[in-house]
Ligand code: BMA
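Before any questions on binding or motion, here is one chain by itself as structure tokens, the form predicted alone.
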Amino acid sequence: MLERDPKTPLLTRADIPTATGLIDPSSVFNPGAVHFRGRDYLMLRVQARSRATSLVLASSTDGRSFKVAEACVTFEGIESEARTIHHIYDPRLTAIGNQVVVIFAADMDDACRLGVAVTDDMQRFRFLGFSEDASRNGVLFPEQIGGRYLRLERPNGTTTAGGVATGDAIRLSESTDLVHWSLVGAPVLEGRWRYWDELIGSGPPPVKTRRGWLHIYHGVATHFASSNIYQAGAALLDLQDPSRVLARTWDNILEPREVYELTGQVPNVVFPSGWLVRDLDADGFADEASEVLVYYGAADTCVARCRTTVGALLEACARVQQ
């Protein structure tokens, strides 16, 4: 169902210009993606040998061949944050109205928090603020629902045996200003222990279809003694009430199989974080025949891409356990 791009990987550390100041980086992965004003953009997570993280834009006219910018992304106003920010990473991009909203993770001394920035030209990014609660994998819906901004996020309420804060549930949160967020209702999706998606988190922002909000998420199988395995699945959420799950894939739809997914900084990882859906109607619904380009981090080392259709993903969601 998901066909890997024959040009693999799509982007590696060798594609990062030295003009960015990132000399001989270790990896590039987990990109956010958006189509905005006639161009396709990826916001790349680039890791230096120090393990410091920077964000770098790449742009394209076809979603396949990307030109990487020669400067790192900066968020204007973030310098006023009093808490120490160690890393900014894993951006998710959503076009809403006449702007693009970036939701990103930020490691601080006491927790990982979600930050929000906005742009109307993909050049200058204005920082709005951080959430107060520990959370990751925040993705914004591309329109307001019931007069509210909605996002899916993964509160870090679970601690692994190694002491790392993570999560096994995706929650819905709401805001009227993109700055102040509060969780609403029960978990939307929870991990399924002993299967492929024990720990979960949102991938790209949801896409509106006539059948519901289509969403890709990542799942981690932790029950293999040798290694965690990161995979991907999909779910369909109700259009008016996205906290209600209409369908969900039983099998994963993408798992590590290629060498560049099995070997790298973190082996056995496919991590979908951006996608482009080509054909939307006047009401913003995705055509079921539309091509879908999915961008993902492979083994926390490079960026890869695969393709499918909206219809194929919808059918996978509806397929029941055999």
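Keep in mind that what you see is a predicted model, and the values were worked out from it rather than measured. The first residue of the sequence shown is number 1, and the count goes up from there.
Note that the form predicted in complex with the named molecule isn't included here; everything after this is about it.
Checked against the named molecule in the model of the complex, the candidates Leu293, Val269, Ile253, Leu57 yield a single residue with a heavy atom inside 4.5 Å, and that residue is Val269. By the criterion of a heavy atom within 4.5 Å, Asn30 is counted among the residues contacting the named molecule in the model of the complex.
In the model of the complex, at least one heavy atom of Asp90 sits within 4.5 Å of a heavy atom of the named molecule. Shown alone here, Asp300 lies within 4.5 Å of the named molecule in the model of the complex, counting heavy atoms only. By the criterion of a heavy atom within 4.5 Å, Arg171 is excluded from the residues contacting the named molecule in the model of the complex. Only one segment in the set 22 to 30, 285 to 293, 49 to 57, 66 to 74 has any non-hydrogen atom within 4.5 angstroms of the named molecule in the model of the complex, and it is 22 to 30.
Taking the partner from elsewhere, no residue among Phe141, Arg211 and Arg278 has a non-hydrogen atom within 4.5 angstroms of the named molecule in the model of the complex. Residue Tyr230 is the only one in 199 to 233 with at least one heavy atom within 4.5 Å of the named molecule in the model of the complex.
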